[in-house]
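A lone chain, given as structure tokens: the form predicted alone.
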């Protein structure tokens, strides 16, 4: 993958960085590990606190300092931490071009030898977190994106089966609106939730080889990319989204996109495998949608060249900063252990990568996603992650403008191509 280095500011910060002071051994011989994650709701927040306490008990003298924060806040703080040379010891990596940039800047530790056993157990899932055949992070959850929906509201509107084509999908939107139900929530205020619509229509419109070539060549001249935007325009024109969707956050609070679905204010949301766990943390009873939780894949496009069974997805991995203490590596390995991954699955926090933990997935909808993930012929990594910050950011920005009615499908392609040319 042709990738540029991070900005000079990041590189200079890295060169001058001696690591976070909290990572150094203190006067009493103890070691503090700083750990940032985005499980800021229950049950995930409490579970990770227990995991850290268990590790501390097994490793006397090691203290784990946890920062649990909203996803968007974490990404912003990580960027700032990398630029200032004050990144946490253990943090979440999304892979693709972002990871490659971090590796090139010398920010992320090579785990290839230190975590060889864990890498072997995880298997092919580590591919998205490798650079030049070296592994720099251990994925703990890999899943796919699709529509999470409220079965009760679908039944109320007379929807008897999930849609499988774009035409059927638009028909379901009309049925829900006729029943006085807001069809879809979208956290367009955070941009990436809206961008997922274009990612998916591109996956349905373009052949796999076209998408894979675009990652390498950064060439978006194939007409399927404009076709993808035209399909998104059809969805936008149906006016399916919650009031104020352009400023709605993705996951923060009960009025977020996830919160609106969890509390029965909308019928569905396009989101990833994290959604059940997020919704549980946004309802007073801690159950989310409970037995009304269901899922269906993104519908096929008419005349689309993409495989309708291919999925958009990716995941999260634990990485260790280059200057972190060795104990941080041991902690990341512990996070991928049979015990911790099984608890992760049992708490519906995502789709575990450790095969020993898959039986712990109790939520029927998440269990279905495991089957979809493992049977998909092709899983396209989120485009903003695959293409890296510059190209992916321009892509998300322009798609958000299209949702606001301020950009056309052609504008999206031209903005992305311009960013790609500047990158090269």
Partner chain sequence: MAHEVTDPAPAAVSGHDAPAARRAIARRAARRSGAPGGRRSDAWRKRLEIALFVAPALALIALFVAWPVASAVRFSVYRWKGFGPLEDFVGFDNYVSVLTDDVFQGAVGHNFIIVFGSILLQLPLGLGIALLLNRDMWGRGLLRTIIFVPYVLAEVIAGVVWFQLLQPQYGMVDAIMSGIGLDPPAQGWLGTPDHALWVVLLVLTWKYLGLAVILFLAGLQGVPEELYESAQLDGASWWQVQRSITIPLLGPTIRTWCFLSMIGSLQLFDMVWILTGGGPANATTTMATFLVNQGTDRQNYGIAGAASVILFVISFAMAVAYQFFILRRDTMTERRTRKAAA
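As the structure is a computational prediction, the values presented were derived from the model and not from experiment. Positions refer to the first chain, counted from 1.
Absent from the display: the form predicted together with its partner chain. The rest refers to it.
Its partner chain contact at residue 265 in the model of the complex, heavy atom, 4.5 Å: Judged by the heavy-atom cut-off of 4.5 Å, residue 265 is in contact with its partner chain in the model of the complex.
Touches its partner chain in the model of the complex: residue 32 (any heavy atom, 4.5 Å): Because no heavy atom of residue 32 falls inside 4.5 Å of its partner chain in the model of the complex, the answer is no.
Residue 394, heavy atom within 4.5 angstroms of its partner chain in the model of the complex: Yes, contact at 4.5 Å.
Partner contact for residue 222 in the model of the complex: its partner chain, 4.5 angstroms, heavy atom: So residue 222 does not count as contacting its partner chain.
Joint contact, 157, 175 and 301 to its partner chain in the model of the complex, by non-hydrogen atom at 4.5 Å: No, none of 157, 175 and 301 comes within 4.5 Å of its partner chain in the model of the complex.
Region of this chain that lies against its partner chain in the model of the complex, out of 120-128, 75-83, 135-143, 302-310 [heavy atom, 4.5 Å]: Every other range fails; the passing one is 75-83.
Listed residue (210, 329, 170, 246) with a non-hydrogen atom within 4.5 angstroms of its partner chain in the model of the complex: That would be 246.
Among the candidates 346, 322, 182, 233, the residue which, in the model of the complex, approaches its partner chain to within 4.5 Å (heavy atoms): If I apply the 4.5 Å criterion carefully, the residue I get is 182.
Residues in 106-134 close to its partner chain in the model of the complex, defined by a heavy atom within 4.5 Å, in order: Heavy-atom contacts within 4.5 Å come from 107 alone.
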